[in-house]
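In structure tokens, one chain follows: the form predicted alone.
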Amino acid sequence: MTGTPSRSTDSANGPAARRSDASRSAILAAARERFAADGYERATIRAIAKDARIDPSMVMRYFGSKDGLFAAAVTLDLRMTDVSQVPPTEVGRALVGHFLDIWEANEELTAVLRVAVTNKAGAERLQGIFRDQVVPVAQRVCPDPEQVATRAGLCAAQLMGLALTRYVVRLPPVVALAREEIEAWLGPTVQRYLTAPSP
């Protein structure tokens, strides 16, 4: 008969599927908060499940392991600046400003940085984020295609160093810097990494 939903359509869109989606969303939200608060090592599946009001076995069913959960929880889009719209001499400052926006608005990125310092899974996730989203920016402005990875890595070192000291360690002199001061100090350095002649 026409117009009658199939069993597979029912199962894909019905109450069970909606509960599954809601459960996954609750687990991911709880995981992000727990990883940010406790770091990777101290955060436990049991605590995350409790925060999500779900049985721990369901966490394992959906994500397989704590590493799997972490990887799923910290999938991030840095919403990189379109440098084609930025004057070539201002790309460094634009990137610093963009990253300040991201770090101050996105606790997940801070959580990734905390975990990356002590955990291989966290380090690999952060490497992937910068490889996939920062390297393409360097490719657009770097004068030597063979140096793109090196220059992007130097930019990442500068930006992650800022994030570590300002948002994780909270080093008082760095925390005290106004946004304009950070852009003025770091912008030219990042610009040099991107476009200056090779030393």
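In case it trips you up, residue 1 is the first one in the sequence shown, and so on. Nothing here was measured: the structure is a model prediction, and the numbers come from that model. Take the two forms, superpose them, and find the largest set of C-alpha atoms that agree within 1.5 Å; that set is the rigid core.
Just so you know, the form predicted together with the DNA exists too; it's not on screen, but the next bit is about it.
Enquirer: Any chance D55 has a heavy atom within 4.5 Å of the DNA in the model of the complex?
Expert: Yes.
Enquirer: At 4.5 Å between heavy atoms, is Y62 in contact with the DNA in the model of the complex?
Expert: Output for Y62 is yes: heavy atoms within 4.5 Å of the DNA.
Enquirer: Taking 4.5 angstroms as the cut-off for heavy atoms, does R19 touch the DNA in the model of the complex?
Expert: Yes - in the model of the complex, heavy atoms of R19 and the DNA come within 4.5 Å of each other.
Enquirer: Wondering, does R151 line up within 4.5 Å of the DNA in the model of the complex on heavy atoms?
Expert: No, R151 is distant from the partner.
Enquirer: Could you spot which one of A43, L159, A30, V137 gets a heavy atom to within 4.5 Å of the DNA in the model of the complex?
Expert: Contact with the DNA in the model of the complex is made by A43 alone.
Enquirer: Counting only non-hydrogen atoms, choose the one of 163-171, 128-136, 45-53, 141-149 that falls within 4.5 Å of the DNA in the model of the complex.
Expert: Looking at the other structure, the answer is 45-53.
Enquirer: Note yes or no: does the Cα of A47 move by 2 Å or more between this form and the one not shown after the core is superposed?
Expert: Yes, the C-alpha position differs by at least 2 Å between this form and the one not shown.
Enquirer: With both forms fit on the core, is the shift of the CA atom of V135 between this form and the one not shown 2 Å or larger?
Expert: Shift of 2 Å or more: no.
Enquirer: Once the core is aligned, does L159 move its Cα by at least 2 Å between this form and the one not shown?
Expert: After core superposition, the C-alpha of L159 moves less than 2 Å between this form and the one not shown.
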